[in-house]
Every structure is written in structure tokens, then in C-alpha cells.
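Two forms of the same protein chain are encoded below as C-alpha cells; each is given separately, as structure 1 and structure 2.
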Structure 1
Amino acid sequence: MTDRQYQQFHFTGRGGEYFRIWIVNVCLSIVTLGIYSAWAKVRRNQYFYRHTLVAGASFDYHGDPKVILKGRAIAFLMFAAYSVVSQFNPAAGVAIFALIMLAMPWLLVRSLRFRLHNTSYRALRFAFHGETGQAYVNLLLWPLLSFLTLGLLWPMAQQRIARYTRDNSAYGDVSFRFEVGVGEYYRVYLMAILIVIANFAAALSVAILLADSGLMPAGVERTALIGAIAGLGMYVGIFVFVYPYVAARMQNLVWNNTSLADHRFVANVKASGLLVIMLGNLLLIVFTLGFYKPFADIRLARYRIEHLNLLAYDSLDQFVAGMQSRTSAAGEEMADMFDFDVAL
């Protein structure tokens, strides 16, 4: 009989430690006009990966900054060409933009291969085996259909993207599985829409009460005041209620339906907990003129990581050891891979 073991993910990063890495990364990226940003990303990823642990072992990141810089150079040249040409010839700019969109799935597949190949756990690397043809369907066609239907197909597009990226990801020679129907995605967004409607109704009611209270400033039209108060209330409500709800539900939805062989993942992120951290981070970043940013990153990472568990069957040590005996840690050839992520 197999024993199920909950292995909670832990994050041991500290704000003070990461602040030193962050401030050096920012300064050197500015001095080198962004060239150092590739090395900055490697340092950042290595810090976060190496401080993320499960079952007593940490992850690691092995990305080559020169390869990352190559991907960023490609991104810069593509969008620079679009920006310059569109200023003088809008039609040619549209053509270049269309070519960028057509190339995007191909670029993203190679970026995914790079990221997973350079991620390891217990000296065994991850991998991505997605085909480019499937990428055009899941990463381009479905988002385009979502745009053309004014977002009505976005939940379906999101489910297809998650299924494509998860089902084609592997740890060693064992593939992940992602099994969830599109209906679960629609339920999340339906609830988000209901929250928006309820929030707008509440904001509108408060606006009408204030407008009719006799406290309206002189020269301000009643309709304009109601619209301004209701709009502001709805905007704040989306940030306070909708975004944390969708972010928490999506993390739980994706991870709770992801498995690796007989091992499953369990996520239990709470929207209220996410809201407290996000709101506190925002206020402190503003009050410190941005210097709280590394501490905010650590707080958010710790909350999201430590609300994730691995439900392991049998011994995780034996599972990993079995794959290590079958799989070379060298993984795939790196010649056709690069990181297309332009963020630090």
C-alpha cells in the first residue's frame, strides 16, 4: 500500500539579502544601458530558485546570460524596427507587426525550452517538448479568436495555453499532465464579472447618495460627479476584489490539476491573503520611492510558494533516483534555444 505524503514548498529568501542583489542589478543595468539586464536576470533567478525547496532539496537555475542577451537583442530589434518604420509608413509598420505576431509562437517555444532546460531539481533538469505547429494553434490562434470575440473565448484560450505548456513539460523523462475542463475557467471569470457588477452597483449607490447629500461642490454637475465617483469606486474595487480573486483562483486551478506521474500538486492560495500582501506592497513601494520593491518580491514569492504542496506517492527520493538512472542531466542541445523574455 502506498503512503501519500504532503511535501510543502518552502521559500527561504530574505528581503535584506535580495535587496543587495536587486540594487546592484538595477545600477549595473542602467550604467550598461540594459546590457547587464541579462546577467541580472540570471542572478535573480538563481536567488529565487535556490531558495525554493521541497522535500529538503532546492531548485537551481543554469541560464547563460549571453544566450538571454541574444533573445533580448532579437526582441529589441524586432520592436525597434516596428516602431521606426511605423512612424514613416504605417502600412509597412502593420506588416512588420503581423510578421512579429507570426514569429511569436516559434520564438516562445524556444524560450520555453531554454527556461525549462536551465531549471533543475536534485541535479535533474526539466524539459519542454512542445511542437511549433501546436504552438501556433494554442499560443496564437486561440488568443486571436479571443480578441475577435471581445474576450468571450479568453477562458478557453487560457485553458488551451495552460494545457499545451503543461502537457509538453517534463521533469527528467516523465511528463507533466494537466487535466481540467474549460468550464472551470469560465466559472472563475463569471464570478469575477459578478464581483465587478456588484462592486459597480455599490459604487454607483454611494455616488448617488453623495450627490444627493447636498455636499456636492459648486459648479459640479450631478451626472459628472456620479460618474467620476462610480468609476473610481469600480476601479478600486477591481484592484481590491477582482484581481486578487482571479490570481488566487487561477494559481489554485492550474496547480490542483497538474500531476507528475503519480504525484499531484495542491495549491491553496487565498484571495484575501494575496490582497493583503499586494496592497501592503503597493503602499510601501510608493512610500519608499520604489526601494521596497525587492522586499515586496520576496513577500509575494513566499506567500505563493508556501501555499503550494506536492502530494507524493511512495518515496520521492526513489522516484527521482529512478529518473536519474535513466536520464542524462545534459538534456537537449542548446543550439536552437534562447530566452525571449524581455523582463528583468
Structure 2
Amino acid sequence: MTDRQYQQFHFTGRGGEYFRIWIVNVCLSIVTLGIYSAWAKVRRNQYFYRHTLVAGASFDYHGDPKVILKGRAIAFLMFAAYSVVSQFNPAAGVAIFALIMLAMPWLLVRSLRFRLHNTSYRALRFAFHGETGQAYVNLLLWPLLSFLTLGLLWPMAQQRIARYTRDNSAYGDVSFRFEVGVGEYYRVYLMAILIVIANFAAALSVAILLADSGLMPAGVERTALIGAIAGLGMYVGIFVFVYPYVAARMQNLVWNNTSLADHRFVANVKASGLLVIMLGNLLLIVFTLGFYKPFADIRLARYRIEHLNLLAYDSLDQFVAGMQSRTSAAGEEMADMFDFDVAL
């Protein structure tokens, strides 16, 4: 145990620096009618990966822009066909969407493979070895079951998704391990429900107080008024308290139970910190008509990355290169286009 040492993850990217890279690449993408966007994506990923450091080395991204462009073209054509068809014939649009949902686990596996195989640290690649059949069980069946049970099984589904993606990810020739029971997941959501209940009670009391205070316009029905104020209070409360709480606890839960050989991870993201950043980002993006986006990306990345530690056991020298397989970018681009994502 004495050999364990904390290695904090560092993020050295800066808002102004990234803004220049971002705007130049956005401009080039527009001028080339979107073709350059594949190169821009590689550059963006490289910027974030190379600015992420731990234990005296940085990460890197190796995606081939030409491969990404091909994937993007396929994804764009599919998406355009889907939007056009659903515009003119909603029924057919729904059918196509169902088909795409059915293909989602397959797409996600390809997306994870592409992303991890093209990520390196200390000149060794990461890898994803998950099987498609298992992806259907973990990424489609479990979420579906949780939907059918009105969310009762959602924590369970989340645990299965995290276990599937982590256990099948590898650095060099060593697999990540994810070990945590479903109980921990339920504990997070139980706490979230308690916050929702407290939030509801608070919103309702404020609504009743306001409705009886005589400050409200006359002639509005009392129940409707209370309902409206309490509803608004719930909406704000969920955004301000519940969402950051769950997001922070989930990131910590997942990382704190992930290990790589004898090395472990420690995440200590705080709901309050996340809230300040997300709220600030949202407001600034709205007020700057979107041009704050690169600064926002940097702030969020810095917060998430700098609250992660590697608890290294001895040195990291023993890792050796693993087997590499062929990957294509179509799955990743499709998943991107339709907004599927698995958090890693």
C-alpha cells in the first residue's frame, strides 16, 4: 500500500487559445462546404487530448480525417433522407427512426471501437473489444426494460451500461475492470428522489405563500396559480439541484469503481461546482449567441478532468501494446448525428 501515489489529471487548455483554433476551423469548414469539418474534428480532439496530462505524459488522438469524412458523408445522407421523409410522411419517418434505434447498439459498438482505438497514451493505444450481441443486451434491452418499468430499473440499466463499456475497454493489453453493485446506483437515485420531494415541498409552500400574499393579479383562479408557480419551482429545482447532483455522483461512482490492473481512479466532482459551470456556460452561450461555446467547452473539460486522479500502484511502465483491429468511422458519425452517446 505504501507504493500507491496520487497522480492528478491535468488539463492545460485555455479558452482564448481554443477560441482561435475553433473559429478558424469553423470558418474553413463553412468555406469548404463542410468537407473540412472532418479535419476540424481531428484537430479539436487532438487539442483536448494533448492538453490532458497525467503522470508526465499526454493523451493523443489519431483519427484519420479521410475516414471520418467518409463516415460523415454516410451519416449525413442517412440523416437527410430521414429528415426529408419524416417531413413529408411522418409515419414512414417513425418507421425509419425505429430502424435506426434498432441499429443503435451496433452503431455504438463501432463508435466506441473507433474512438478508443484512436486514443493513445504513452504511445500505446486504447481498445474496445465489446461484442455486438452483448451490446444489444446492455445498451438496448436494459434501457427498454427500465422504460417498461417506468424507470424503476433505470439505475440497474445504467450499471449494466457502465459495466459493459468499461469491462470491454482496454489500455495496451490490459482490460479495465468495473466492479460495483447495483445498490450504489439505487442509492444515488434514492437521494435524488429525496431532493425532488424536498424541492416539491419547498416549491409548493412558496407557491401557496405567494398566492395568499395578495401580490398576484386578482381574478386568477387560486389552484391554477399555485400549480403554475409550484411547477416553475420544480422545473428550476430539477435543473439547479437534481441534475448536477446526479451527474456529479454518477461520474464519481463510475470512476471510483474502475480499475486498470492494480491502478485505481479517484474522482471527486462536486454537484455545486458542476452547477456553477453549467449554469454560467448556459447563460454566457445564450448572451453571446453561441460564441462563448469554445470557452464553455474548455471550462467544463477542465473541471471534469482536474477532478480525476489516478491512484497508481508502483509505476505505469508494465503496460505493453495490445492487439489492434480495423475500425471505420461510419458508426461513430451516425451515432453523433443522431445524438447517441455513451459516457466514458
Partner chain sequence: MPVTAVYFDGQQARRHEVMLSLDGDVLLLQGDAVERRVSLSALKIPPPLGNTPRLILFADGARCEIADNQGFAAMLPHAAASWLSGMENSWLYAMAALLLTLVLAAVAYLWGLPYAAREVADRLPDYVLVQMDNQFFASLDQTLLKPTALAPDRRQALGERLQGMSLPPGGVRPNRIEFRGSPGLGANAFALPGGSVVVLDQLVDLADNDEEVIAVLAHEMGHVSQRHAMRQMLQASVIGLAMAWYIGDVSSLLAAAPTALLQTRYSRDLERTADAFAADMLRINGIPVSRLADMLRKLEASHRPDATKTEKAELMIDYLSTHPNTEERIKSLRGR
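Residue numbering: structure 1 sequence, from 1. Please read these numbers as outputs of a predicted model, since none were measured by experiment. Throughout, rigid core stands for the largest set of C-alpha atoms superposing within 1.5 Å between the two forms.
- Source of structure 1: the form predicted on its own.
- After superposing the rigid core, the C-alpha of Tyr303 moves by less than 2 Å between structure 1 and structure 2.
- Once both forms are overlaid on the rigid core, the distance between the two CA positions of Ser29 between structure 1 and structure 2 is 2 angstroms or more.
- In the core-superposed comparison between structure 1 and structure 2, Phe176 has its Cα shifted by less than 2 Å.
- Comparing between structure 1 and structure 2 on a rigid core frame, one finds that Ala81 has its C-alpha moved by 4.9 Å.
- When the rigid core is fitted, Pro65 shows a C-alpha shift of 2.8 Å between structure 1 and structure 2.
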